[in-house]
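Take a look at this single chain, the form predicted alone, given in structure tokens.
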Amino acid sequence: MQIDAGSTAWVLVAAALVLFMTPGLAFFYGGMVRAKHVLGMLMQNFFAMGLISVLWALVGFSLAFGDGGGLIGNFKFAGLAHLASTTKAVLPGYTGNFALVVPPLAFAAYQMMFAVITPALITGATADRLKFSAYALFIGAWLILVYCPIAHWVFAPTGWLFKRGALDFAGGAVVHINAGIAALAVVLVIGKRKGYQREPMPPHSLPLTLLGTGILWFGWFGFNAGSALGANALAAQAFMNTHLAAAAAMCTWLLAERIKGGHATTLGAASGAVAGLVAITPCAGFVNSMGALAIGGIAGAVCFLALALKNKFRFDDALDVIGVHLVGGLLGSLLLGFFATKGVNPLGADGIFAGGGASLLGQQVLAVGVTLAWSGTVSFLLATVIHKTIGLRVNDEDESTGLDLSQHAETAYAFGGRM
């Protein structure tokens, strides 16, 4: 293995950027809940940084990237064995054109940050209702039963969807569709918030949400450009695509919002940018700059319109995880079948607009469908088992009191009453 010092430095910085996204997500969500629940939201996100990192080191990385066949890894790398940067270990499948130029341990650290933020995304849909102990049990089990298998199928060169030719540069299926459909499954199990659609539940701090959006946008450059796994032209293209898609999506979201409601809101600006970041995630290293603008523009408008789904189907997605992450991830993964071009990445494929026909789109549809089916089914069953045993949701009194006091015996603010 030929280690490149510049690429190693970039991947380590990118890993730190991706980790920084989780506190950013905490602030993004935290500003949108009522004041009495803000610490509960922050804690759920921050706790994922602890629990998921430990589980990733013990077994998660090995299951996701070990060589156990097309369906799941093995335990060769359990406890991060055989990954020391001083060894010449080669990860399964990372040979030839896919050979790593960074130490395997750097790659494991980078992928760990993806594993951390993915279950944290679910918390936006379940805001105000989750019992902390049950949440901890759920995300730990979810990492092993849902995230690791799907990561192996799509990300690992030995995974069966990867071998079929499905593309996912930085996590459209593995991260966003996966978390989005899991969020829907959990919401269906735990039900609506107390007083939902009968009493106002306004965001308590939109400045906090905008701060979180800025951190997410900043960290997303590590998320997408870091997935090039090198300091190279592909990383530069992914970086530019990431920014352009977010910018375009913000504009089209605000335009749609203005047409429908008469105002362009700060919450809309934040949500639109995140929708664009989500949609470009699977595409960032496979499309050109104009493709990124188009994907972001489509995502901003479509994800805004998708917010109506929760009213139509009567589920309580508190902070629009389904509308932004599930729909945005679906859009990006499928639009890749149209906009992908080998001119950007020879290891990718040509989509319909580049003359490649519908083959790639077919593989993308398969990957999307499999992710929806596995994550949705297992997440629903896991949430149901926990809900019927130790209880996944807090009781009515604790929900009225707020997660801050009932779950953590703390309050976020020293002055003023709880909303």
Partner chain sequence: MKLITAIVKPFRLDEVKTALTDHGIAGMTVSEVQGFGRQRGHTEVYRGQEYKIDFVPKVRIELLVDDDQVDSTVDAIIGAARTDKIGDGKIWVTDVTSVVRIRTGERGHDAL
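Residue numbers count along the first chain shown, from 1. It should be emphasised that the depicted structure is a prediction, and the values quoted were computed from it without experimental measurement.
The form predicted together with the partner chain exists for this protein as well; it is not shown, and the discussion that follows is about that form.
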Pick from 214, 203, 165, 157: which has a non-hydrogen atom within 4.5 Å of the partner chain in the model of the complex?
203
The single option of 288, 265, 232, 74 touching the partner chain in the model of the complex, heavy atom within 4.5 Å:
265
Stretch in contact in the model of the complex with the partner chain, which is absent here, among 319 to 327, 294 to 302, 144 to 152, 106 to 114 (heavy atoms within 4.5 Å)
319 to 327
Judged by heavy atoms and a 4.5 Å cut-off, are 129, 382 and 386 together in contact with the partner chain in the model of the complex?
no
Under a 4.5 Å heavy atom criterion, is residue 32 part of the interface with the partner chain in the model of the complex?
yes
Any chance residue 196 has a heavy atom within 4.5 Å of the partner chain in the model of the complex?
yes
Tell me, yes or no, whether residue 136 is in contact with the partner chain in the model of the complex, where a contact means a heavy atom of each within 4.5 Å.
no
Touches the partner chain in the model of the complex: residue 82 (any heavy atom, 4.5 Å):
no
